[in-house]
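Shown here is one chain on its own, the form predicted on its own, set out as structure tokens.
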Amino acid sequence: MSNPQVVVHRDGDLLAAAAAARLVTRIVDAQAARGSASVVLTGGRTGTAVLEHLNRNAARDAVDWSRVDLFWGDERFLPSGHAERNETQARAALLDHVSVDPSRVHVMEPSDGKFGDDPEAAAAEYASLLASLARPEDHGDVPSFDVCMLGVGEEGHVASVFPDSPAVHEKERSVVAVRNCPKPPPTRVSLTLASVRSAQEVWLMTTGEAKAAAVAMALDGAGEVQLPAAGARGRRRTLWLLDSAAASAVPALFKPPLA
């Protein structure tokens, strides 16, 4: 696993714009090398802002969107089209505006989908999907995503993997149902940390002073059970993309000049 690198931007809007530009470059490079690219999307304010900036960026059209596989790190187990679903927000921010191949937009089943109100079945199906797309060179049952984008919660959660939860202790499954989530809605489907760590690059994106303590603890060697963000590492690169407020307590060893 890679060691963390930190990039600090003046504010959240600049962070989102810079991350969008960085994502275009990463996708284009992957397509040039292999013909396709794979990206794990995240929800939340920052994740959605990245997609909105990407949609407004003229470089958006440098990407062949029909050759991008899109996944989600987690999903709120709500009816299809619900405003709080990460899929719904991603479609409005970007996916409805580019020529994606619907068969390559890999959504987690909603609560009114084919499994009904059964998040465990939805999680098992997503795990099967990931396994079907993994190649021999991925060395496991999850594709080696080019980029996995994640938000970070105030208590250090990533995706829907919360501190000292069953999900953070999961060692076998690639995708799990999450019940009794500390944040609403209480039921979700999420990649596990093992799946996150299959990615070539993991980008942890967060803003605001309320996140500063969790960011500092993760970079300062906290265990992943106590602080799941500490266990979110990419095989080749782990990037912490922060605004100045979220970076205010970052250990001096990691603190770069303001970008």
Ligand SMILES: O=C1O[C@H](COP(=O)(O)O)[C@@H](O)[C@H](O)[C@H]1O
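Just so it is clear, the structure is predicted and the values come from calculations on it, not from any experiment. Each residue number is its position in the shown sequence, starting from 1.
Not pictured, yet referred to below: the form predicted in complex with the ligand.
Among the residues 38, 198, 192, 46, the one placing a heavy atom within 4.5 Å of the ligand in the predicted bound form is 46. Here the chain stands by itself, but in the predicted bound form one stretch of 156-164, 171-179, 97-105, 124-132, 156-164, has heavy atoms within 4.5 Å of the ligand. Under a 4.5 angstroms non-hydrogen atom cutoff, the ligand in the predicted bound form lacks residue 139 among its neighbouring residues.
Although the partner is absent from this view, residue 211 contacts the ligand in the predicted bound form, with a non-hydrogen atom inside 4.5 angstroms. Although the partner is absent from this view, residue 152 contacts the ligand in the predicted bound form, with a non-hydrogen atom inside 4.5 angstroms. Shown alone here, residue 183 lies within 4.5 Å of the ligand in the predicted bound form, counting heavy atoms only. Annotation for 54-93: interface residues with the ligand in the predicted bound form are 74, 76, 86 [heavy atom within 4.5 Å].
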